[in-house]
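Read the single chain below, which is given as structure tokens and is the form predicted alone.
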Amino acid sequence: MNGTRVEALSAGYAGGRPAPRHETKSKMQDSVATIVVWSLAMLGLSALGVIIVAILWRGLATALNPAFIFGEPQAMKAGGGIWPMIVSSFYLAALTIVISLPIGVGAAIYMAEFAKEGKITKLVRFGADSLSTVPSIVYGIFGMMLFVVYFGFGYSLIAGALTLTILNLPTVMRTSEEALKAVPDSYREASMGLGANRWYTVKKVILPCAVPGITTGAILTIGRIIGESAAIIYTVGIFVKKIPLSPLAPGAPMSANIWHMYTEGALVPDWLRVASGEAAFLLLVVLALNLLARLVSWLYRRKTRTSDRFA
């Protein structure tokens, strides 16, 4: 009799009675928080979408014109192109990556795999994170005083590359360190258990697994280099008519030339066409680089999974 009564009460509670008050309140708060988060996310995406559409709307037709892409810029008449600016941007990005990537990845390997945790490592990480928040114009003024004036490089690609190396080194180091730390410890233990030393483990096991994360950090660096303007205005240059060949030659990356056209390009009759087309082309380049990075990372992971399957 008592057992039947308990079962009946349990069935009635589960089927007909309302949930406790605190559960209802928690569900309501969760629903409100979800709506707020999604609304803010959609607002941010909408603002980004409006900016992208506006840039492409004003300059896409010009940006896809081969005569504009491969043309020589004009200082006093209409009809100029941006080919020297495109070459300057990629030249500067290549120089910066060649300098910053080995230093940043090497520092990350030491911090993640060899350095003992303590006050010094915490101080280094705090310094790197703090340097990442410094405005880029500060780096530009510092690079101008150090590389342009003190070392006598003048306005040149190498002066801009060294300045951008200082600017992006904390980002490269921290993203590479996080990629190395994301590799499971079981990989390290298995390699050392088979008799490999620490450096062999890092070289043959840890680094290959961390390549997608390091690649992401490198792509972020390239995107920041190509889109940077404040730091290179004071070190590289804002306008050139010829393609720079030497690292000691001045250049005019696209972002700096866009700033020049919008602020000091009044002598060019069609400055708005040039600035809008160059901005659209720069946006397409950045989007293409990000898509390429994702494709490379996906292919690498797919290759790794296939190798593990048939190993």
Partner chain sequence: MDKSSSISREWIVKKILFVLAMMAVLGIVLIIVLVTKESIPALTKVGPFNLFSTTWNPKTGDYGIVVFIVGTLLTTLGGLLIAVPLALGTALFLTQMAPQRMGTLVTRGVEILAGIPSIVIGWIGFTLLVPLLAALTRSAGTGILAASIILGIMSMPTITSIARDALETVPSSYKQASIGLGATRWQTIWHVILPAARPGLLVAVILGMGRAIGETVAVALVIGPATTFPKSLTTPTHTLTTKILMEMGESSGLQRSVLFAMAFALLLLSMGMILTVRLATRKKEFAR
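Take the two forms, find the largest set of C-alpha atoms that superpose within 1.5 Å, and that set is the rigid core. Residue numbers count along the first chain shown, from 1. As the structure is a prediction and not an experimental result, all values here were calculated from the model.
What comes next is about the form predicted in complex with its partner chain, which is not displayed.
Heavy atoms of Gln29 reach within 4.5 Å of its partner chain in the predicted complex, making it an interface residue.
When its partner chain is considered in the predicted complex, Thr34 lines it closely, a heavy atom lying within 4.5 Å. Although the partner is absent here, Leu282 lies within 4.5 Å of its partner chain in the predicted complex, judged by heavy atoms. In the predicted complex, its partner chain stays beyond 4.5 Å of every heavy atom belonging to Leu267. Note on the partner interface in the predicted complex: the residue among Lys204, Lys181, Arg125, Lys241 having a heavy atom within 4.5 angstroms of its partner chain is Arg125. Only one of Ala190, Cys209, Ile103, Val98 comes within 4.5 Å of its partner chain in the predicted complex through a heavy atom, and that residue is Ile103.
Screening 211 to 219, 181 to 189, 77 to 85, 233 to 241 for residues having heavy atoms within 4.5 Å of its partner chain in the predicted complex returns a single hit, 233 to 241. Although its partner chain is omitted here, in the predicted complex none of Tyr91, Leu157 and Ala159 has a heavy atom within 4.5 Å of it. Contacts with its partner chain in the predicted complex, taken as any heavy atom within 4.5 Å, map within 229 to 264 to Ser229, Ala230, Ile233, Tyr234, Ser255, Ile258, Trp259, Tyr262. Ala67 is not among the residues whose C-alpha shifts by 2 Å or more between the shown form and the other one once the rigid core is aligned; its shift stays under 2 Å. Relative to the superposed core, Val32 undergoes a Cα shift of 2 Å or more between the shown form and the other one. Once the cores line up, the CA of Leu43 ends up 2 angstroms or more apart between the shown form and the other one.
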